[in-house]
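Presented below, as structure tokens, is a lone chain in the form predicted alone.
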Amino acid sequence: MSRKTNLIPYLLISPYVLFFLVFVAFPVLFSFFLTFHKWNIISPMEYSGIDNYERMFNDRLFWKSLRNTIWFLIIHIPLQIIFALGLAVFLNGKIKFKGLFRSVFFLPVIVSGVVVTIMWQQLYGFNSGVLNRLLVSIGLVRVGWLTNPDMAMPSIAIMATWKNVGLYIILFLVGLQAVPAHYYEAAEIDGASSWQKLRYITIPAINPTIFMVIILSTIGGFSLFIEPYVMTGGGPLNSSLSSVLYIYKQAFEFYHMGYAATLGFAFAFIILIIIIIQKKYIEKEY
């Protein structure tokens, strides 16, 4: 009886262990194995040593996709924090229809990424796009939101911010509601302005939430795929070629599975380094 009882915990966790082995451990190990091989899915694998790694370091498009992704993050993360925190502070105040506003802001998060991307593609259209028609109507020239190499990635960053801001509003609201009310009461007695309360009370108190938003935005930025794939295909002139889109092209357009796996591990390592740097400096800021 005791032996059967001792087996129960192992039986209960066995589905999760099996899931981890099949869908996490095996794909990771197999992908790492692929980094030392050339394979196009059809032909047998061919051992190539560190050729994939040498190719990566000499690959102009690898560095281009990395720069594009970092440029996206430089634009996206500050926009995400400013708008999400500003709207969260607004929604945390005493306003009517608070629940309705929260639902409206969160709605883009649950809408299909492809649908949102197509909608913004229509907004960004050069000749018939809503934004350019508005510019022309007030006497300004059309902007190549998706056709100008200098504008493509910033335009995608703005769209990604709009789509994801609802999620981060919720996170900030949770952080704001955890700040003790007597902090603000004491600040009002001392005559602190709204800006001073935000700077010296709110931001330091929700620093862990800000850090979480930055981490999630960083991971999301390195996962950027649907937006450039649908809107620009990585163009013009590879100006919106993201890291994941480049991996996709190498794997499923050119069938360089070994090289695609190498790129995947390289970008995962870069994400880890960036997050470690963010953790070191952002958490000490306040």
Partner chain sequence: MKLTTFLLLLLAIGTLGSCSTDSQNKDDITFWSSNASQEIAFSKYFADKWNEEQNAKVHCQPIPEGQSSEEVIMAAVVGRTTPDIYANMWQGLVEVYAKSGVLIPLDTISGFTDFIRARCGDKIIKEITSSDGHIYQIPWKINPFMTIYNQKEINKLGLEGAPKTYTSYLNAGRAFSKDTDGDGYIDRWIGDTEVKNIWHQRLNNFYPLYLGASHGAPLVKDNKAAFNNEYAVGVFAFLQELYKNGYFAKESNTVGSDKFLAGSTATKWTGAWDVSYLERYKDEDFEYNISHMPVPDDHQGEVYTYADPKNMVIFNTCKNPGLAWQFIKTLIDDSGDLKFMELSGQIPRRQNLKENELFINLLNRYPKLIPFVDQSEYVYGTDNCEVLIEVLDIISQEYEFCVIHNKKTAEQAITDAAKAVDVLLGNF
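Note that the structure is predicted; figures quoted are calculated from it, not measured. Positions refer to the first chain, counted from 1.
The form predicted together with its partner chain is left out here; the points below concern that form.
Its partner chain is not shown here, but in the predicted bound form it comes within 4.5 Å of a heavy atom of residue 255. Contact check for residue 62: no non-hydrogen atom falls within 4.5 Å of its partner chain in the predicted bound form.
When contacts are judged by a 4.5 Å heavy atom cut-off, residue 136 counts as touching its partner chain in the predicted bound form. Among residues of the shown chain, residue 149 is one whose heavy atoms approach its partner chain to within 4.5 Å in the predicted bound form.
A heavy atom within 4.5 Å of its partner chain in the predicted bound form is found for one listed residue only; from 183, 71, 126, 200, this is 126. If you take 215-231 and check each residue for a heavy atom within 4.5 Å of its partner chain in the predicted bound form, you get 229, 230, 231, in sequence order.
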